[in-house]
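Listed next as structure tokens is one chain, alone, in the form predicted on its own.
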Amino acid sequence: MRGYDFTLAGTRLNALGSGALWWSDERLLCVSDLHLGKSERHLRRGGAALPPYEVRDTLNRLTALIEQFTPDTVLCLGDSFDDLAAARALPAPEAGDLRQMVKARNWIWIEGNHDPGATSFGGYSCDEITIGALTFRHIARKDAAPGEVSGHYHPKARLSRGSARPTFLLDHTRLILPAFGTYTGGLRTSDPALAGLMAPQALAILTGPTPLPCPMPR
């Protein structure tokens, strides 16, 4: 799958068409907002029953990326689980596969607003972490220093009459990743929460077979 190369805070990065971020110099693969267990939480909170295959689908896509890039480190940028109860309720086969994935490499969980705490899956959990010139946290801060990488907003953008696609957002200070999870909605880039956060010259990098950079739609 092709990616889009760019530089943030002097760090060369690649936005993959899958919505993941690849940092080749550190051999680090970053994904955001997996929301594993969303169908279980939705039903538990009185919602309609959703097809329960989203955990398997999300893990399969993540596994494919790990096999392709063989990262030394996998960093999950928060809201990896739809809540901590959903983490405990993952089906046994999927929970076992996830434990094996975590055990096989350096694995960092950034805690998000949906999953503010460590789980039993192993790896290292923290609120944020700085590696080289980049600081990874779940929710972007307006006063962040250059080099911030975050998720949370699930940005989406549409060009002309095409369907909306998950998108990276990039300016001179920060990068916001799209959601990687199968059952995740999106927030249009024209929403004030994103329009007010990103600099006027911000770029949207639409995901897909060939990532497409364009001025951020506002």
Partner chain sequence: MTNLPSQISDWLEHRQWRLHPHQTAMLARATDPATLLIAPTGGGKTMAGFLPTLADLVGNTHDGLHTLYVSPLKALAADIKRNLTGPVAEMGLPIRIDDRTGDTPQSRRKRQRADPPHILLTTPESLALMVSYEDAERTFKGLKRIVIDEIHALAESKRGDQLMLALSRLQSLCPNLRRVGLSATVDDPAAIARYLARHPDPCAIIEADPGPAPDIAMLETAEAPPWAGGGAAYAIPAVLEQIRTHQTTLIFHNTRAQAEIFFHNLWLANEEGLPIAIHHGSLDRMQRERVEAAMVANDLRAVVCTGSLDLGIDWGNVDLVIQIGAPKNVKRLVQRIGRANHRYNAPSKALLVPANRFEVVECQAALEAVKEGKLDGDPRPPGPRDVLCQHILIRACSGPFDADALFSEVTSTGAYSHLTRAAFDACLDFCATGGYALRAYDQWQRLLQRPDGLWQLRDPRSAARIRMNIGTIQDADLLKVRMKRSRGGKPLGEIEEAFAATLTPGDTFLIGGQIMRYESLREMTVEVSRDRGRKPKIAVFSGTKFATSTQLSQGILALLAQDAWPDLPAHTADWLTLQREVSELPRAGEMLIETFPHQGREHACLYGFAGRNAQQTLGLLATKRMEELGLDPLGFVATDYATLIWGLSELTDPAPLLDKDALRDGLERWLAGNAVMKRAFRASATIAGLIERNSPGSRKSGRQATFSSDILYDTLRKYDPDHLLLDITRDEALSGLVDFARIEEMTDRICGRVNLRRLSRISPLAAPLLLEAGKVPVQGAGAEKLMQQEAADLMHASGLATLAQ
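Treat the numbers as computed from the prediction; the structure is a model and nothing was measured. Numbering follows the first chain given and starts at 1.
One more form of this protein exists, namely the form predicted together with the partner chain; it is left out here, but the text below deals with it.
Asks: Residue-level question: is Y53 within 4.5 Å of the partner chain in the model of the complex, judged on heavy atoms?
Replies: Heavy-atom contact with the partner chain at 4.5 Å: present for Y53.
Asks: Is F168 close enough to the partner chain in the model of the complex to count, meaning some heavy atom within 4.5 Å?
Replies: F168: no, not in contact with the partner chain in the model of the complex.
Asks: Can any non-hydrogen atom of N60 be found within 4.5 angstroms of the partner chain in the model of the complex?
Replies: The answer is yes: N60 has a heavy atom within 4.5 Å of the partner chain.
Asks: Classify L203 as contacting or not contacting the partner chain in the model of the complex by the rule of any non-hydrogen atom within 4.5 angstroms, answering yes or no.
Replies: Answer yes; at least one heavy atom of L203 falls within 4.5 Å of the partner chain in the model of the complex.
Asks: Heavy atoms within 4.5 Å of the partner chain in the model of the complex: which of the stretches 144-152, 107-115, 88-96, 128-136 has them?
Replies: Careful reading of the contacts points to 88-96.
Asks: Can you name the residues of 193-218 that have a non-hydrogen atom within 4.5 angstroms of the partner chain in the model of the complex?
Replies: Heavy-atom contacts to the partner chain in the model of the complex: Q201, A202, L203, P209, T210, L212, P213, C214, P215.
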